[in-house]
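Next up: the same protein chain in two forms, each one alone, written as structure tokens (structure 1, then structure 2).
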Structure 1
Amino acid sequence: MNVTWRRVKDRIMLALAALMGIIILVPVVGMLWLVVSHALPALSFGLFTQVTVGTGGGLANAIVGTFYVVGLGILIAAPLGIMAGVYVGEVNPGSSIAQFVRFTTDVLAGVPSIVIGYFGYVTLVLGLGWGFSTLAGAIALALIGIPYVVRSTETALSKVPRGMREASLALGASQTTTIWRVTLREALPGVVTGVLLALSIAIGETAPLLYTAGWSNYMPNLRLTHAPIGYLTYVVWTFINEPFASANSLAYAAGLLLLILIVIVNVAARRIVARSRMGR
């Protein structure tokens, strides 16, 4: 084959790949611009210190509420997801149960979040009589996050070289010690990345919280049940639809805060991965 044509083809493919990279920047930049430019009127110190009053005020209740309900959700999802991931990836990877759990988590990840939300509404809010509450919202978020933790834990474990395990076991360590001290430690960056992925998904969820966490104008208290709680995505979804300019810019401000949170979570994830690389 003609050498120049091969070169040209190589260049064309590079150009195409570069084009793909540029195309994906368009929505990112577009969204940032849209949110930032509309959020400006609402940006002030009070955004972080005041609660939502009527159609204006600040977002302190929604910010704290987001941390609270999402944090609680992750506290539920992370240990459970990691344990299930350990079982599937390490304890009994070949078993039919493991196959089934893998399959289940994939399906669970594909269940629309509104279905999880409605499930929580019927079982927790109405069935257990919790009302709109932090715990109901957190459990809904945990159900959404767990599949991601399981999957990434399993993937990270599968990348741990077989030799490390065998060495530890040969030294007389029990399987539990091996997993805890060797394999999981080696896989930790991947596990943490999975938890952070679940975290960023939980931060951005709207539909499941509408029917489980409700919404509140007030700062969250420590009651887990029978008290609704505010969160940022509600502000985006609802206040964008209000006839008041102050409410609209609050919606964009909430969108901006969500974007900032997502950036923080992503930066944290990268640092963890980078550090673990350096540490090796």
Structure 2
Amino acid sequence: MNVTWRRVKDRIMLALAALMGIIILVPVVGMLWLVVSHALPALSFGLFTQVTVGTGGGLANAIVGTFYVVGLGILIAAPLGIMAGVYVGEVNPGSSIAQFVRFTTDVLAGVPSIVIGYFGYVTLVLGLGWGFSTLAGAIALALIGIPYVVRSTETALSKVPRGMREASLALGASQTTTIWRVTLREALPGVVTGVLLALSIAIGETAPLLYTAGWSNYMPNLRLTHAPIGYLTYVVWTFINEPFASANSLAYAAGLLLLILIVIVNVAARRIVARSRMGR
């Protein structure tokens, strides 16, 4: 009797788990179908070679601008976040400064992105007089990504066996050498995963860029300030509300490109984690 009841409960739980999986998959598949089906009319060679003209044209300026501003934002966030994570996780984890960094990181992670965008608008666009620009947008994205890099770095370092540190120090290596050549190298997959997570979040942000990067129909140049820049999320946010079929198609096409980029980044992060586990 007890064996039969356990089998019944097992099947009930498996059925509930399958049902929950289906409930999650249905809206995801529906969203993908909606975006792909509406983006098909806009998919062409010109989509990637022409700039946006009014509510038509292509997305070349937005695609290049997205890589430009997001890439610069990650270049700012990654070293700052990794160094802060190394400090709070390895150099001086119990200090008051480390506690303050953790608290500040948690607070920053909970700040709405639109607030960060408005902060960037007041301090960078107006305060420093940069105007809508690539650098202002990149700094706003960096502020959003830094908490994820800090936390992932600290977590990855905490999983490194203490014996590796002790062995390195026993062989005469300094603490700095131990950190950069032993513990950080061992924690590298987790650190890279955190950077990729910050990258995927930055790719999908709109609000902070509206306040800092502005918008431009032209291809981005090398000027970091006083030069607005195009990006894909602006096309999604703006063109979907336009009463023109061409504008709506561009919005869905931009959404599809964003989905593809985010999927690529997340798959890369999973592969890095899987390879690190296999290596161990």
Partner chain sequence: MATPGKVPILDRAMRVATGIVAGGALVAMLAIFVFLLRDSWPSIQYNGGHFLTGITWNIGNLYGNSMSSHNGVQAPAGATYGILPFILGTLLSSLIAVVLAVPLAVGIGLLLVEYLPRRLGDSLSFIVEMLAGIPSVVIGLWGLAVLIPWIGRDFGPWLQAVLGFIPIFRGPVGSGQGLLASGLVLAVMITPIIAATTRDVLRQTPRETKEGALGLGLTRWEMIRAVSLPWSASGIFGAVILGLGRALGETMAVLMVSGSAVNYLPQNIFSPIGTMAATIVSQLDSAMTDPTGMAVHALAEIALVLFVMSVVVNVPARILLSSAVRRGGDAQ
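Numbering for residues begins at 1 and runs along the sequence of structure 1. In this text, the rigid core denotes the largest set of C-alpha atoms whose superposition between the two forms falls within 1.5 Å. Note that the coordinates shown come from a computational prediction; the quantities given were computed from them, not determined experimentally.
Structure 1 is taken from the form predicted in complex with the partner chain, while structure 2 is not. Ile262: CA moves less than 2 Å between structure 1 and structure 2 after rigid-core fitting. Relative to the superposed core, Ala18 has its Cα moved 2.8 Å between structure 1 and structure 2.
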